[in-house]
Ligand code: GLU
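Here we start with a single chain on its own, the form predicted on its own, put down as structure tokens.
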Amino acid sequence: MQEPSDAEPAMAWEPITPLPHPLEPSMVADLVASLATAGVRRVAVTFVNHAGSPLVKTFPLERLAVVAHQGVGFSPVADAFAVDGSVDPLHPFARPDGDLRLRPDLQALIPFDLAAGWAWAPGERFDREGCPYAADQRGFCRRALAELTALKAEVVAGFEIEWVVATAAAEPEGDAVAGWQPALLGGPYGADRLVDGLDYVSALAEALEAAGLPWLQIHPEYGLGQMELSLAPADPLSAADRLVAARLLIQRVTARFGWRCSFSPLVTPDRVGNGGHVHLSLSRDGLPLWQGGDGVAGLTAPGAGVLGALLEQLPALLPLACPLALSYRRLGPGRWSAPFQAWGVENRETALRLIPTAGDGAPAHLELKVADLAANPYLLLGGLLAVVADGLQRPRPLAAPVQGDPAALGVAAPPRLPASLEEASRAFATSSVLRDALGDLLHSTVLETQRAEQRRAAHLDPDQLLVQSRWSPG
């Protein structure tokens, strides 16, 4: 097992007490003092753009009070960046005009690397007058959560993160894995891979714990050099924040070992790719809706109505869950990517997998199987929340669950989900549920980002698309 090149002992951290909003100056001053005592000297604040890329600004700790009030500048053009950093000249944000202010959410601030003196916070963007920016992705997720809360409903969400750990050389020639070498050896789900990478997994667990990011499990996945991390569930906004922070920590720890990681939907053309599955539980007035009822697997009538709405809107949600052209090469039968517009009880090849409660007492919840990690988690969760809210108000009929592999059902197979970003984007464009929830500016510019990705991919053959996207999403 390889030792990291600059390993440092994890430093203890006391979680920040939740702060009220708006923050009083004295509270910010107390926060700055507590951060300084913990060893923080610098703060990074991120937002995730339309293409799913986390973008960042940093500042010294002593400026935290000013930045929390005024924000730091960010041009609107950032949402025209493609996943590879290029700017499509046809994108409506591809212009030099305007400025926005990115403000950190101090209630969500966590230590990132105390040994290096860094803390991290998610940010939201405002205009120069202090009004929320209508195309801000985290602001959309916050609005969708508030609307669901107004219906006396609660969603708890959690993400799974799959990634491949590779040697530092980006594209070594002549190897057997199409341009890269796995850094962790061993078989699928193999204990031998865990033993081979035990120092790496230990360092990652310590980094997560030092940052106050609760996790449920880390284990080797099926693919070559592939790992999976399951984050603990939380409210949807916090769940999205945790995903962003955890990905950054995975990159940080991987780099310490002299390796690199890929969150790309597909790393090799003929093997399974990386998913970013989303788990949701749903309750209303304190009562769970996906258990305790008379329906299939304990579904209540309202819970079945919401599941029916999610099933109906899956094609429109798909480009939020799978935003790259490459994503649709992963969504194929036999890849365990669930490319069918179907639901099932504990069926891993249906796009919506219901995990019912059982003797272990775990609450029933739903897994969205098709999502990958190129997705902007705030857009994805915001879209899911909007559909859940719509399903509570306008329940949809629910078809019978699919049993077995949908691909083997022949003429009885459920419909395939869109097989290309172009097809999925058309469904997104025509969904009144998502258009109304996102608002005109956010909906139209996300749609333009999908079209820009289609134009980017049109100039690349399949191998070029895979290689160009291999490291970009992470």
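These numbers come from a predicted model, not from an experiment. Start at 1 and count along the sequence shown; that's the residue number.
What follows is about the form predicted in complex with ligand GLU, which we do not show.
Across the options 121-129, 74-82, 201-209, 272-280, residues that bring heavy atoms within 4.5 Å of ligand GLU in the model of the complex belong to 272-280. Of the residues given (Arg256, Lys369, His91, Arg260), Lys369 alone sits with a heavy atom within 4.5 Å of ligand GLU in the model of the complex. Of the listed positions (Arg247, Arg330, His365, Arg101), a single one reaches within 4.5 angstroms of ligand GLU by any non-hydrogen atom in the model of the complex, namely Arg330. Ligand GLU is not shown here, but in the model of the complex it comes within 4.5 Å of a heavy atom of Gln226. At a distance threshold of 4.5 angstroms between non-hydrogen atoms, Arg335 is in contact with ligand GLU in the model of the complex. Contact check for Asp113: no non-hydrogen atom falls within 4.5 Å of ligand GLU in the model of the complex.
By the criterion of a heavy atom within 4.5 Å, Glu221 is counted among the residues contacting ligand GLU in the model of the complex.
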